[in-house]
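Okay, here we've got a single chain as C-alpha cells, the form predicted on its own, with questions on binding and movement later.
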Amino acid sequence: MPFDVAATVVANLALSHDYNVLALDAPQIAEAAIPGQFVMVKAATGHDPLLRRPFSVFEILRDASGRATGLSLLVKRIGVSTGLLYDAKPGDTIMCLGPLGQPFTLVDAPADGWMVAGGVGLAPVWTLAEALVARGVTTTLFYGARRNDELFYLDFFRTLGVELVLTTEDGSGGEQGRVIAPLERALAARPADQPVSLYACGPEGMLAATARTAAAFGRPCEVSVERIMGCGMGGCYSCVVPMKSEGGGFHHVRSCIAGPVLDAAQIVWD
C-alpha cells in the first residue's frame, strides 16, 4: 500500500529557468520505492490546483549509513502546480502519495542496459541506473535535449560509471539531432548474440520511435509513459493507454496501475 505523507521540503535546487530538483523528507515512500515508480504530489492546501500531479521518483536520498531519508523530484515549470513546486522553499509542506505504479524490469549481466531519455524523461532514469549498476550491468544513457544547458546531472551519471551518448537539437552539446539516431547506429553495430535491454522515458514521439527501433533489431524495450493522471490509483480513468489484444484489436489499460512502465512492443502507438 502507498503512503500518504505531508513531506517537508528539504532543499530546492534550480537547474535552469524552467527546471528544478525538489528534495522531500519522505522516508517511508523512499524506502519502498522501486525504479520506475512515481508519486502524486500537491503543493497547495487550497483548491488551486485541485488535484495532485504525478512525478517519477528521481533520487532516493540517503544518510551516511545508507538509510533512505527522502526522495527528490525533477520538475519542469509549466503550469500552476509545477510553478508552486518550482518556487517551494525549505520547510514548506508538499502532500506526497506513493510509491505508485509498476517499476522497470531489471536485467542481469551479461545483458547490457541501455536507457533512452528526452527532456524531463530523465526523471526515472537516475534510480534505474543506480539499480542496474549495482547488479553489475553495463549501462549506457542515450540522452537528448533541446540544447546543452538542458542536459542535467551528467557528472552524476559519469561518477556512477554510466556511458553517456548525448544529443541536442541545436548542436550545442553532443551530436546534433534526435537521440534515436545514435541509438539506431549502436543497435546496428551490436552483434545479435550480445543481449541488451532498452528502457525509455520522454515525449511520446520519442517513445514510439524507440519502440519501433527496438522492434526492428529484435531487442526488448520497456517505456515509462507520460499521462495526465487525476488520482494515480485507477479511479478516474484519465490515464488510459491502448494495448494490443490477443487475436487482434486493442484494449485500454490504466497507466497508473498497469504502468507507468509498459512493454513497448504491446502499446498501440498509431
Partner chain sequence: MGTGQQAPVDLSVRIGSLTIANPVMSASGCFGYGVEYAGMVDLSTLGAVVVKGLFLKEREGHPAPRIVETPAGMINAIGLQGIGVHRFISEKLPELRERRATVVVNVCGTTVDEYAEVSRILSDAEGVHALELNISCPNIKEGGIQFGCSLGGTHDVVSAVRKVTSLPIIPKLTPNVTDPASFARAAEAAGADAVSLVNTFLALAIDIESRRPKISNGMGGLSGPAIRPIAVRMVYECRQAVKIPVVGMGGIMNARDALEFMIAGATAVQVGTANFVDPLIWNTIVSGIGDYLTRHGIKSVDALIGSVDMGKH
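In this text, all values refer to a predicted model and were calculated from it rather than measured experimentally. Positions refer to the first chain, counted from 1.
The next section is about a form of this same protein that is not shown, the form predicted in complex with its partner chain.
Contact with its partner chain in the predicted complex, judged as any non-hydrogen atom within 4.5 angstroms, is confined among 203-211, 238-246, 61-69, 216-224 to 238-246. Its partner chain is not drawn, but in the predicted complex it has no heavy atom within 4.5 Å of A43. The shortest heavy atom separation between M229 and its partner chain in the predicted complex is within 4.5 Å. Using a 4.5 Å cutoff between non-hydrogen atoms, D263 does not count as a contact of its partner chain in the predicted complex. Its partner chain in the predicted complex comes within 4.5 Å of no heavy atom belonging to V137. Contact annotation for the candidate site: M1, L97 and H251 all lie close to its partner chain in the predicted complex (heavy atom within 4.5 Å).
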